[in-house]
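As a starting point, one isolated chain is supplied in structure tokens, in the form predicted on its own.
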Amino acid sequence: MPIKIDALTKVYSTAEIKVTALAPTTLSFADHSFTTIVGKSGCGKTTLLRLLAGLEEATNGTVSFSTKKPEIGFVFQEPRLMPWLTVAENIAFAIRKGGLSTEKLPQLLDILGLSAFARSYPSELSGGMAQRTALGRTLFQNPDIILMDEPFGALDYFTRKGLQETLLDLFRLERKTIIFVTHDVEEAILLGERVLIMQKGAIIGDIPVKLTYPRDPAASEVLTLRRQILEGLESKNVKVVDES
């Protein structure tokens, strides 16, 4: 298991109030797996992701990895591109730190459908192309683990579907460990091999998705999972179990 969390907890405190963003959570993520985390806004999804990335310090508990220093890539909801750099320069920005080569850049641009825009600047890109560039920047660093925080949430339906297909193609090709946060139940089912359901800072459901890719959103199995997850999100203190 490349990632294991043990009693991981995050509490935000002020002079007047304490807010538990993540209740004590013990969980593991298998190597080369695609896990989606779904829940309503404010349920703790992003907090969990930021703790895994080391972007925030836990109040209690630990995060451990099978290797001492795995490379972790983070894709945010906003592309966060540098406006003064071209698409190719944004993707290859990490090369400035040394240790990386531009050898795989043309192939990556081709896979992401960005070859024709390699010399374009962020202001010249659509939202979908900008997010493809952000994904390319993460993939260029060849991380062991990719954390994604609602990366397609601000995009229109058709652009989002295209990026979902691209991400699945990359997952099957690269077999990275991916943890993908979303508030979209359908997206969680179509992408994840496993869906974690979060509510009020706690994991209340852990559902394996035993369906081959690509998945039809109208398929009966998908609709059953969707109903199960929605029931879990609306429940109070109810553990959602796998019924397959």
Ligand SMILES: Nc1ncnc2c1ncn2[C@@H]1O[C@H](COP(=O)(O)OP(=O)(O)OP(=O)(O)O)[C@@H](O)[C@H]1O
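Numbering starts at 1 and follows the sequence shown. Between two forms, the rigid core is the largest collection of C-alphas that superpose within 1.5 Å. Just so it is clear, the model here is predicted, and its values are computed rather than measured.
Another form, the form predicted in complex with this ligand, is not on view; read the next lines as being about it.
K.L.:
Is Lys210 close enough to touch this ligand in the predicted complex, meaning at least one heavy atom pair within 4.5 Å?
P.N.:
It does not: once this ligand is placed as it appears in the predicted complex, Lys210 has no heavy atom within 4.5 Å of it.
K.L.:
Answer with yes or no whether Ser41 is in contact with this ligand in the predicted complex, where contact means some heavy atom within 4.5 Å.
P.N.:
Yes.
K.L.:
Taking the shortest heavy atom distance, is Glu150 within 4.5 Å of this ligand in the predicted complex?
P.N.:
Result yes; Glu150 sits at the interface with this ligand in the predicted complex.
K.L.:
Check whether Leu230 has any heavy atom within 4.5 Å of a heavy atom of this ligand in the predicted complex, and answer yes or no.
P.N.:
No, Leu230 stays farther than 4.5 Å from this ligand in the predicted complex.
K.L.:
Could you spot which one of Ser33, Gln199, Thr46, Thr59 gets a heavy atom to within 4.5 Å of this ligand in the predicted complex?
P.N.:
None of the other options qualify; the answer is Thr46.
K.L.:
Scan Gln77, Thr138, Thr159, Thr166 and let me know which has any heavy atom within 4.5 Å of this ligand in the predicted complex.
P.N.:
Comparing distances to this ligand in the predicted complex, the residue within 4.5 Å is Gln77.
K.L.:
Looking at 202-210, 186-194, 66-74, 33-41, which lies within 4.5 angstroms of this ligand in the predicted complex, counting heavy atoms?
P.N.:
Only one stretch qualifies here: 33-41.
K.L.:
Within 4.5 Å of this ligand in the predicted complex, counting any non-hydrogen atom, which residues from 17-34 show up?
P.N.:
Heavy-atom contacts to this ligand in the predicted complex: Val19, Ala21.
K.L.:
Aligning on the core only, does the CA of Arg80 end up 2 angstroms or more away between this form and the one not shown?
P.N.:
Yes, its C-alpha moves 2 Å or more.
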